[in-house]
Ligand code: OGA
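Let's start with one chain on its own, the form predicted alone, as structure tokens.
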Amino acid sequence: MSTTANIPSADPCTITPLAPALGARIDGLRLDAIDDAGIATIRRALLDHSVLLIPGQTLTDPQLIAFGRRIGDLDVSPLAYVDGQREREHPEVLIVSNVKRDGQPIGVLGDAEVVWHSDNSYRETPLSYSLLYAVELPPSGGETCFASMYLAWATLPADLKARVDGLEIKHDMTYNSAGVLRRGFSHVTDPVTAPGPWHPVVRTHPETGHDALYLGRRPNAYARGLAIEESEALIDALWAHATGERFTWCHRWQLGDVLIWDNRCVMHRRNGFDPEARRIMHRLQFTGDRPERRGEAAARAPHPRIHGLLSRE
């Protein structure tokens, strides 16, 4: 069901939910000429829907950066580089691509499948939002899928909730989500000693006040204080639950699409595609804060969209 944003704007827009658990499409906005009301609409829609699709955009990198700065503080993702990658033309714009120029990759993540993850969870203060803008696309493949961690936490079996409430997981810094070693790191095989920060398994969203499961990424994850076998079994159980089909929505890209998502309550993954085809995406990343579990009463209730979904089931 579509809704019309109730914030006055020179460009009225409509917001249409895309899946039961998360996601909405917003039509009627041009991001290169957006007004303050349009920015307010996007900010509100992100908190309401976790993932936002804004189609039909034509943006230069400076225009993309200017729009991003009106949404929040941009992050330059200093650990995103891999060996052999070209330097960025604009530090704020991370290129996600399999294209090479003079034998050198212009970006990261190539053409392989990218595993479920939350962007930059391997940092002490991970990202809030991420943004992808479709510049060049292959004929097929490369779809990006999202999973609601609000719903994953709300539906986690009671015994698992009791086991993980207050537990922390280490988020490995060594590899990116395509499994490629990051520049400046060495290979590790022991999750106990892998480099990376500790984050709570369940975090409270700092703006909505609601709880979400926070797993980051599976490789080299380790639950603090547990024997490695117990840690592996517990984390496997969490991942088996969190990536269930009922939590997800997959996007098939069109040129000019802009997708923005909230890493504090969403995980995402990417399908692989033909390595002979070209795919170029321009990405912005937004600073966030350190994950924590808060004690407010609001955090014990599901997010309104999740509450509505569960009440209909």
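Treat the numbers as computed from the prediction; the structure is a model and nothing was measured. So that there is no doubt, residue numbering starts at 1 and follows the sequence shown.
Beyond the structure shown, there is the form predicted together with N-oxalylglycine, which is absent from this document and is the topic of what follows.
With the partner omitted here, the residue from Val96, Val93, Leu234, Ala221 that has a non-hydrogen atom within 4.5 angstroms of N-oxalylglycine in the model of the complex is Val96.
This chain lacks the partner; the member of Val164, Ala154, Val114, Leu238 within 4.5 angstroms of N-oxalylglycine in the model of the complex by a non-hydrogen atom is Val114. Residues placing heavy atoms within 4.5 Å of N-oxalylglycine in the model of the complex fall in a single listed stretch, namely 106-114, out of 165-173, 67-75, 106-114, 201-209. N-oxalylglycine in the model of the complex comes within 4.5 Å of a heavy atom belonging to Arg279.
The shortest heavy atom separation between Ala242 and N-oxalylglycine in the model of the complex exceeds 4.5 Å.
Within 4.5 Å of any heavy atom of N-oxalylglycine in the model of the complex lies no heavy atom of Arg264. A residue is said to contact a partner when one of its heavy atoms sits within 4.5 Å of a partner heavy atom; Ser128 fails this definition for N-oxalylglycine in the model of the complex, lying far away.
Contact annotation for 264-284: residues with any non-hydrogen atom within 4.5 angstroms of N-oxalylglycine in the model of the complex are His268, Arg270, Arg279, Arg283, listed in sequence order.
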